[in-house]
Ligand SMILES: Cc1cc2nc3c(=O)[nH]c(=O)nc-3n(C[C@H](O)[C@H](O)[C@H](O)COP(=O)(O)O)c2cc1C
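What follows is one chain in structure tokens, specifically the form predicted alone.
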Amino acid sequence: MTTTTMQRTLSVDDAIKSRHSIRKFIQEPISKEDLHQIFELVRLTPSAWNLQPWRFHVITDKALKEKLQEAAYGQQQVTSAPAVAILISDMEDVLANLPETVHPGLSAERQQDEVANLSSFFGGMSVEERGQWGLTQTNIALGFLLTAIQGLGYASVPMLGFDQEKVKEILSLPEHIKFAAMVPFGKADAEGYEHHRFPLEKIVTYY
């Protein structure tokens, strides 16, 4: 972690409370060190059976961002941001490499059993069903990503308003993947709206 990153790191509490969706960014590149730190944090996201179906495609190339902006119906934040993360779920890649997900601390026999059980469970699903299952897990990583970006002094905006088939074509992504979000991010050059959220009484029920 760089010294500048350490100086501006927010607490989890402050990162969550200060995060707003931002659509205009300062034209300043994000250092490789900070990009690395963001995704080092995000890769710690928990998932069922530790399957980790999320995959991140991080675009900083100007020409590619212009193509993504066109696929996103011209939304300016795509090219305003110095970086755009495309967060996808790829359960077919997970299934092709199941042994990588099993904890190495388990005995060889337990590892083999885990792989066999997971293969049987997901093998009974269609590609579409597996994709939707993986997407529920990948959305957890999306929350971690937004918090990590904010916590390291940057701003972001999660988007689903884009032509998914065009983005698959631009990035040569396989047909079976599922999109969690397109996330432009960088240093904010605007202020977001004040939070407008439901009160706890509406969303939390205690028993």
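Note that the structure is predicted; figures quoted are calculated from it, not measured. All residue numbers are counted from 1 along the displayed sequence.
Beyond the structure shown, there is the form predicted together with the named molecule, which is absent from this document and is the topic of what follows.
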Can L44 be called a contact residue for the named molecule in the model of the complex at 4.5 Å between heavy atoms?
no
Given that the partner is absent here, does L160 sit within 4.5 Å of the named molecule in the model of the complex, heavy atoms only?
yes
Flag Q137 as yes or no: does it have a non-hydrogen atom within 4.5 angstroms of any non-hydrogen atom of the named molecule in the model of the complex?
no
Answer with yes or no whether S80 is in contact with the named molecule in the model of the complex, where contact means some heavy atom within 4.5 Å.
no
Taking the partner as it appears in the model of the complex, which of 103-111, 85-93, 125-133, 70-78 has residues with heavy atoms within 4.5 Å of the named molecule?
70-78
Output the sequence-ordered list of residues from 18-47 with at least one heavy atom within 4.5 Å of the named molecule in the model of the complex.
R19, H20, S21, R23
